[in-house]
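This document opens with one chain alone, in C-alpha cells, the form predicted on its own.
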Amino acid sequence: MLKIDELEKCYRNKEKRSIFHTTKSKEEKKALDGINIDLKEGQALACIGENGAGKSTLIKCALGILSPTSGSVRLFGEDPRRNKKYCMQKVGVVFGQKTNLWIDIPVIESYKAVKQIYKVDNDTFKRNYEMVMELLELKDIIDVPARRLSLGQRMRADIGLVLLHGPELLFMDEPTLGLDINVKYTIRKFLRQLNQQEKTSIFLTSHDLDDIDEICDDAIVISKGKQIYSGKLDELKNVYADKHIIKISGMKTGNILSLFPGVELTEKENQSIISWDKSCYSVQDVISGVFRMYAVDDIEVREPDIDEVVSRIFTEGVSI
C-alpha cells in the first residue's frame, strides 16, 4: 500500500538579508534521512518521534504534497505526485488541528458533497454513512453547522467524513489532540475496530501514546529525521522496557525486600508497586513472594507503558 525507500527530504536555508547585503547560504537541513517503510494491507503502523523529528514531513511526502529530495515513494504502486487523483481516491487524511468540513453548513451537507466529489455509489455511501453514524455517535450533531461543534464533536465528524468514500488507507496526524478522555476512547475504539474488521490500514502519528498503544501493532521511530526502529510495537517495548512491574492492593505482612534484594518498592496507603530488572528475578518467583509478604486483595502484573519506553528512547539516547 505504501512503499518508501531511502527517502530524504532536505530544506535549504533561506537567504539572510540586511540593509547592506544579502548572504546566500548553501547549507541544507535534512528533515528526513533514509526512511524506509513497507506498509501492508490491514496494518496499523505508528510513527513515533519527538517534536521536529519529521513526522508531518513524512506524511506530506507520502501523499505527494512534498517532493522528496531523493529516494522513492509509492502509494498503491503509483507516484503520488504524478497520479494524485488515483491515490487520493484510496486514502483518507485527518490532521488533528485542521478540518475538512465546510464550517458554515450542517455536517450532513459536507457528507453529501463528499459523495458527489468522490462519485460514491449509493450502496457504498449508505453502508459507510450508517457505520460512522453509529460507531462515532454522530446522530446528535449531523444537522449542526461545523462552526458550532466542540473540538471533540468536530473531530468525530471529520473522521466520519474521510471514511465515506471507503478509503483503504488512513493517514492520521494527531487525531485526538486536545480532546477529552471520553472522545479519545470513542475514536480509539472506532479506529481499532475499523482496522481489525474492515482491514483498513492506518498510518498514525500521535503524541498521545495511549493512541499508539491501543490502535497500532507496528511502529517506526524517527529522531532528528533518522529512522532508528522499525518493527512490532511489543518488540520495541521489550528492547527498551527492561523492568517488570507488579501493583499490589492489600495489607503488608512482611518485607518483600528480604526475599528479593534490589527490587524497587513504592508504597502508598494500601497499595504497593514493585519493579525490578527483568534479568534478576522471574515474574513467577516475585508473585510467589508477594503472596507470602502481603494479604493480597488485588494484584496486577504489567509492562512499562509505551510512554515510559519512548521517554527512555529520547532522553537516554538509546538506539537499536
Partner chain sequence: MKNFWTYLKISIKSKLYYRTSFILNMISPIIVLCGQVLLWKGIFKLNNASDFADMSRNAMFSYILIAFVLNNSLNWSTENSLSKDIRNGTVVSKMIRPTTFLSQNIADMFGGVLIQGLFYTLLVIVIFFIAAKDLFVPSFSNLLLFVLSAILGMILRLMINDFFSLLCFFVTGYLGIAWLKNAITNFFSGAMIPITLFPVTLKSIAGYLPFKYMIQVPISFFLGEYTFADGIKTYTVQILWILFFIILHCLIYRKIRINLVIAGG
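Predicted model, so just to flag it, every value in this text is computed and none were measured. Numbering follows the first chain given and starts at 1.
Only in words, not in the display: the form predicted in complex with the partner chain, which the text now covers.
Novice: May I ask whether G34, F76 and G77 all come within 4.5 angstroms of the partner chain in the predicted complex, judged by heavy atoms?
Specialist: No, the candidate spot makes no contact with the partner chain.
Novice: Looking at N100, T124, S249, S230, which has any heavy atom no more than 4.5 Å from the partner chain in the predicted complex?
Specialist: Looking at N100, T124, S249, S230 one by one, just N100 meets the 4.5 Å heavy-atom criterion.
Novice: Could you tell me which one of D140, D104, E134, D180 places a heavy atom within 4.5 Å of the partner chain in the predicted complex?
Specialist: Among D140, D104, E134, D180, a heavy atom within 4.5 Å of the partner chain in the predicted complex occurs only for D104.
Novice: Any idea which of 37-45, 62-70, 288-296, 267-275 reaches within 4.5 Å of the partner chain in the predicted complex, heavy atoms considered?
Specialist: Result for this chain: 62-70.
Novice: Give a yes or no for Q89: in the predicted complex, does one of its heavy atoms lie within 4.5 Å of a heavy atom belonging to the partner chain?
Specialist: The answer is yes: Q89 has a heavy atom within 4.5 Å of the partner chain.
Novice: Even though the partner isn't displayed, in the predicted complex is E214 close enough to the partner chain, meaning a heavy atom within 4.5 Å?
Specialist: Flag for E214 set to no.
Novice: Quick one: is L151 in contact with the partner chain in the predicted complex, heavy atoms, 4.5 Å cut-off?
Specialist: Judged by the heavy-atom cut-off of 4.5 Å, L151 is well away from the partner chain in the predicted complex.
Novice: V93 near the partner chain in the predicted complex, any heavy atom under 4.5 Å?
Specialist: Judged by the heavy-atom cut-off of 4.5 Å, V93 is in contact with the partner chain in the predicted complex.
Novice: Let me know which residues along 31-47 have a heavy atom within 4.5 Å of the partner chain in the predicted complex, or say none if there are none.
Specialist: Read in sequence order, no residue approaches the partner chain (within 4.5 Å, in the predicted complex).
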